[in-house]
Every structure is written in structure tokens, then in C-alpha cells.
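Before any questions on how it binds or moves, here is one chain, the form predicted alone, in C-alpha cells.
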């Protein structure tokens, strides 16, 4: 256990580590409120048990109203008030909102849409990551801020920028990006002949004679070449990675004891958080469960999900962003929010439920956004912990209660997950461009397998398997790869070594179809995994809901959805067969014994019952203890000997637990949107 360190002012500052006492934080905007209110705000934060505050992410215009004319007095005062109260401060570089005077001086820093439209001033995230001018301005403001607060003990770390890529702004199509893309391709391929061969540009006469002929994939009459799109996605992501490294280096030069983080977003498509995270001490992300249930989910927004969110959708993001030093939720939904299609009030206690869910998945800080509902600007309909008149809102009591409960739990070790879930942003980008069915969605496919694991109470680590990575599966009893679409021999070797040594692997559909350059493999799918799987894909089809989709798995009947592969067994054994359509009688699921382990290949997108059956068989082979299948509104998670029972439903449930189970929070009677924390084995628990 890493101990807190005492600073010159006598307060304790928690270092960046996966082991800690979970804490409650809040995002604060003192610049939006009269100065005479600030002391009261801080006093009320202390009363609520809040001891981490984030500030400054949109404040460039307030900090530097004119070029070179800085006003730090207001931020100095706010930091001092928080420091006196023993509250840790996380500051942010304010680069997400370049001020109007900077845009007027250098309009070339603005982003450009694929059709040539400029993304004008008037909102946020309007700068181009590849603008050398903006990088110089970024360095200037970030260095000025970092050096000013380098010796202020209350400042424990920094958030770079804010939500990179929000509002579809990872990919810009301006001339700076055109030049950057050409250089990126030159560095990647060396010569244009290699690029043409890797992409396959003979199709539709898309060859280029030099790197200078390359342009961003701007507006065209028909779809773009998929390899060009994939590489542009990679290039745009690399631009963000490089930009973030610039900021992180400046911050660490000022004070190498600070942590550096960034707040990512939920189910976010265009930014590879693994690669950006390489220059961070840990990741944070912004969690808005009732919004995500509506605008980025393949599952229905049921009444319960409109009140408390989709628990598996949220927990997948917790696990995605959890690293060796844990993670934070930098923005936690505090009540109703302004941006989803509909904004029902969350269920009573939901704001506390979300905080506990995050901690159960390894979060060390849950920071609500925001302290107080704003009276101006685009987010006036976004709740805070307090209303715009300063009185407590519904989330304030939830945050206060969660803070007290976390303090009582004390230090918690990191999550120890027995199962790895494979994830690749490159696969996401490639499949997003060629889904081959309107319903095919990478997040949804990953979620189908992930839900089955979560329904059995299994903690999961998310492992990057993008091309070029060297994933390690050491220590995992089982590995689930919902799809590994872009594949090469190195990943096949990693899987084979894992299985040879006694590991158990479950692979999903569309695996091994393509090379990393986004061309089909020269052999039939699953390409380099064929020997491991013990079979090949003969045909595939994408199916609408109007066609019956049934199969049998180990003699039992199940449904599947939207995608089906006709498999030809070789060394593998068919344990699943189609029971409907023209594929009836053909193999749908293969199983193969390899070395001391096993591989299962599922050629369909499984519905919930089939996913559960596949996962339970995998867990049993891997010797992973698991619980009964919990209802979709109830989830359990284990951390450091404690088990969290989380009710995301509008009806109470009763927990059946051993007589000697010790309840640390709540009891066996779990109210609607309620939480219980118990010392017991997950496999011994059930609900009714």
C-alpha cells in the first residue's frame, strides 16, 4: 500500500496509485460566480466530504483576455481557498477553448470539415491539432500556467485540455492536416509503391505517384477507399497523441511530482485512448449514464436505463480506462443533463449508485460535473450538485453519502480481474467504415460478450490488441476476443502461446478477415488464426430481423443476430450448428483443443442466452468461479475482498448471502437504484 505524503502545509496529498481510499470530487468554475460566494462554496464542499476539485479547463479567455495580459488573481484566490480547506486541486490546460482574439489573429488554426466548411468560433474544440501556430500558442499558455503553480502544494496534478475529439473533432481536413498526412504516410511506408500495395489502390484507379498527391479523404461522390480512411483515422489519432505529449512534457518540466491525466469519453469512436494514455499517469473519463443509454447504445433505452443508465455500457468504459494506476471519473453525472434527446430525472439515489459502481471497478476518485448549475451559456440545462440559486440539488446528498461510505471502507487495492477482453480501435475504425449491415456496431458486438461476463459477476481487464501491439495474456484464466478483424501473425503467435500454456480463448465473428492495411487476407478467414481455431469460414451473411436466426449449441437452441459465418471444421469440432435459413445444418461454432488449453470460435453475433452459454463454458474450462446469472438490472463487482451489489432497476431486490457475510454498506434488502457492499464470495450470492 502506498502511503499518502505530507506536504509543507501539513495536508495529505494522495499520489497516483491504484491503491487508495476512494474519494469524491467536483468540477468547479469560480469564474462563473460572484467572488463573495467562493468561501461559501468551499465550506459546503467540505461539509459534503469533497476533497478533490478540478478547475480551469475552459478559462483561457478569462486568464488571458488580451495577448500577453494575464489575470491569474482570481484562480490564485480559488486555489488558495481550496488549499486552506485541505482540498486537492487538479488544474487544466485551457486549450479546448482558444479565445476570440487568438482566432482573429490566426484564423488558420480553425478546423475544416470534409466538405471544406470551416468550424468557426462560437463553441469549443475549434482548433486543429496539426496547426503549428496553435501548437506554439498551446506551449505558451501551458508553460505559463504550469510555471505559475509549480510550487503550490494544493495543486496535485493536471488534466490536459478537455475531452479530445468531442463533437467529431479528432479528424480535421485542412491544409495543415493534408501536409501532416503526407508526412505521416511517408514515415509509415517509406515509398509510394509500398503504400499502393498495402492499400490496394489499383481498385478504381486510385494509385498515387507520389506522397505529394495524397490528400485528406474529403467529400466524394461515392465512398472512399477503406484503407485510405483507416490510415487517415490512424494519422488523426497520432496527431492527438503528439499534441497531448507536448502538453504533458511541459507540465512535467515544471513539476515532475504532478500527475498528468486527460478526461476521455464513453463509447468514443475516433480516439485511441491506449495510445494517448502512454503519456499519462492514469486515465480519467466522463460518465453520463442516462445520456449514453440513449445516444450511443445498440440496446434499448428502457425505463430503468433512462433513470440509471445501462450498467454494462458504463462499466465497460470503467474497465477500458482502468490502468496500472487505476483511473478516475473526472465528470460524473450529477442529475439531469442538457445534451441527450430526452432528460428524465435520474432515479432516487442513482448519483450515489454510479459513484459506487466506479469505485467497484477500480476508480480512486469520482468527480461530479459540476458544483453548481450554470446561469449562462450552452449548459444552462445541465444540473450540478447545487442548483443555480446555490441550494442543494438531488445529487448533493448522494455525493455526501458516497463520500462518507468510501471513507469508512478505507484503502482499497487494485481490481484483480481473471478474464481479459480484447479491444482494438483499429478494428473499430475499419468495421465502422465497412459494417456490411446497418446494425453492425463494434461497441455492440464487444458489449454482447462483455454483458455475459458481467452478468456472471466477473471482473474484466480490457487489453489492447491493435496491430503493432504486443499484448500479454499472462495471468488470465480466460481471454475473450469479440472480434480481431485486422490480424497478423504476431497476434496469432501471442494467442497460440497463451493457449499452448493452458489458457482458454473465446473468439467472435469477423476475426482474421483482413490484414492490418485493411485488405482481405490472402487466405480464408480467420486467416492467421485458422490453425488455432481448427477451421475456416466458407461463407458469411448479414441478416435482417425479418429472417429467423436460430442455431443449436451443445444441443440447446439459441438465437443470434445480424451476422453469420458458415464454418468448415478441420482439426476443430463443431459444437454449434445453424437451425434456420439456407445455412441450416452447417457449422456455426467450433471448439479446438490446443496444447494444454482450448479455443472456441463463435461465427455469429450471439444473443444474450447464447453469449451466456459460451462464456460459462469458457469460465468453467478456465476454472473461474462465477455466480448465478444476475438479472440485467443487477450487477456485482469485486474489489479487494468487497463485493458491490448494484441495483440499476426501479424495483427493490433481496440478496441471498451466506449467514456469515458482513455488510459494510446497506443490507440484503437492496432498494431501487440502491447499493450494498458485502464481504463474501461472488459465487455465494444471488438475488430475488
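Everything quoted here is computed from the prediction, not taken from an experiment. Numbering follows the first chain given and starts at 1.
Heads up, the form predicted together with a small molecule isn't pictured, but that's what we're talking about next.
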**Asked** Can any non-hydrogen atom of residue 338 be found within 4.5 angstroms of the small molecule in the predicted bound form?
**Response** yes
**Prompt:** How about residue 642: is it within 4.5 Å of the small molecule in the predicted bound form, going by heavy atoms?
**Reply:** no
**Message:** Can you work out whether residue 369 and the small molecule are in contact in the predicted bound form, taking contact to mean some heavy atom pair no more than 4.5 Å apart?
**Reply:** yes
**in the predicted bound form, residue 488 touching the small molecule (heavy atom, 4.5 Å)** = no
**Asked** For the chain seen here without its partner, which of 338-346, 171-179, 224-232, 385-393 has a heavy atom within 4.5 Å of the small molecule in the predicted bound form?
**Response** 338-346
**Fill in**
Of 319, 565, 163, 272, the only residue with a heavy atom within 4.5 Å of the small molecule in the predicted bound form is 163
**Request:** Scan 307, 124, 143, 252 and let me know which has any heavy atom within 4.5 Å of the small molecule in the predicted bound form.
**Result:** 124
